[in-house]
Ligand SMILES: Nc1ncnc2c1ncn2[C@@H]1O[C@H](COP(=O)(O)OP(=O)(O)OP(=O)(O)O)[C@@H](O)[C@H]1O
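There is one chain below, alone, in structure tokens, taken in the form predicted on its own.
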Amino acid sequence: MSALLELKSVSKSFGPTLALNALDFDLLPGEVHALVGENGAGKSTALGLIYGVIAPDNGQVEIEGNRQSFRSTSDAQAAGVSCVFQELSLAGGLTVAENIFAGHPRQRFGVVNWKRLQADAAALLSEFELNLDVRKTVDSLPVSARQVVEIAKALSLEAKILLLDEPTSALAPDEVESLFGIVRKLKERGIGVIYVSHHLSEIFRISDRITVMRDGQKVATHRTSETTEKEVVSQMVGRLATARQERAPREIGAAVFQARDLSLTGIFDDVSFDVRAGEIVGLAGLLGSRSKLIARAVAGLLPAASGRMSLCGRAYAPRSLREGIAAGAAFVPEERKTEGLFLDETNLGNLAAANLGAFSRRGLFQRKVAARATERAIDQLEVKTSGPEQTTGALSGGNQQKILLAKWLETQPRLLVLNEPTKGVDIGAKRKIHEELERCAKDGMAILLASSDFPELLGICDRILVVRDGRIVGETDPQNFNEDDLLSVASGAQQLPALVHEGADS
């Protein structure tokens, strides 16, 4: 079978940095070819070359045997290449139909034919069995529907090659299944898909081949059915991947945090649970479960209307994040770029931002003290950076996430609340973040972790609370539970015993 796409000995440098080094890669019709590697491996650069964002220094790009010299994304689209980026490029204020045909509207004599525009958009979406009102604005849709609109937009350009960059980063497990159904339909139509994801479990379920990259080079290409996650991880990181070690036992102490009967109309209802010293408690739920809203309520960002909480034995009712910090809590938000970090600020500035009092004396900021603290955090979390004065926005996603975690750990909280702490980071960064959370728990910190990454919850948590429709519907023991079981409970197909709280009447 002839290749749809070939990269032949493609190289690209940015100043002294060699981002791609003689990369060979090919994509067949009707194939899902996964591209994997740690942050900095060259995946994004490869996608940029294929999509016309950047031009190679050496080598060539061929589509169906024809050499290409893309000068822009428009050139790539004209050649049949479309891309769905991790951060969707839709215009929230425009309708579904307008987004799908943005840049090439249905017109007659220079006037947009709105009736045809909407009919064509509806027809395209119907191929994915999605019944959407194409007159609705995109910002009124859930994330999963927006993802489909983005794919429909790409296909409206009659794409033969589709690049999917971290397509499930904002999706719940049940929505991932819907996306996979769409990808399979694309395969049936002969469309070649390049799939980039940090989630190896997804890669092994949806891909036909896997190409592993490291330091700008291709390490290997495998048929997915003929390799293993262990082999792929070893090739990604450049060393033997060992089985996950059993966690060292931690001493679990008394309850640091308690919630009883928390309710907020239309959001959550009758929420009660404890988090003890040295314990990592997970909140698991599908999209719409509101598990992450419960975490925000605990941090003070979404105060409950009724119920009560206590932190370190004292009544705790924060009406803002600032009040939560003052009481001994800290919150790592899901969106590091919009909620967690000042991307134009330095690592030092970000680390100090949540704890300025600790770095001030008589009203003056002690920069040297903050620099030493930042250097310690960089070493502890193995942040790849030139130092405290480097701009955080210049770091990779995984290293930004480490700075975000370090920022909140610098406040020395008794309760650490996290929403999706490893979203969009590579396997190496993910492991380091998990190691740091383990260390914090071992030192007696109470940790509440909300995540849609069920393997993450099963791998790091001591207990998992399952949330559905704003209620905690049960508690699981990660040692005796698997991902399928957790998905079954979260969806309501399986029931768990109700929780019994020690001191519930106290």
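This is a predicted model, so every value here is computed, not measured. Sequential numbering from 1, following the sequence displayed.
Here the subject shifts to the form predicted together with this ligand, a form of this protein not shown in this document.
- Only one of the listed residues (E166, E420, D274, E279) places a non-hydrogen atom within 4.5 angstroms of this ligand in the predicted bound form, and that residue is E166.
- A single residue from the set R116, H222, K384, K185 has any heavy atom within 4.5 angstroms of this ligand in the predicted bound form; that residue is K384.
- Within this chain, I151 is remote from the site of this ligand in the predicted bound form, having no heavy atom within 4.5 Å.
- Within 4.5 Å of any heavy atom of this ligand in the predicted bound form lies no heavy atom of T228.
- The shortest heavy atom separation between T45 and this ligand in the predicted bound form is within 4.5 Å.
- Within this chain, Q495 is remote from the site of this ligand in the predicted bound form, having no heavy atom within 4.5 Å.
- Of the candidate stretches 398 to 406, 347 to 355, 411 to 419, 252 to 260, only 398 to 406 has residues with heavy atoms within 4.5 Å of this ligand in the predicted bound form.
- Scanning 1 to 35 for heavy atoms within 4.5 Å of this ligand in the predicted bound form gives F14, T17, A19 in sequence order.
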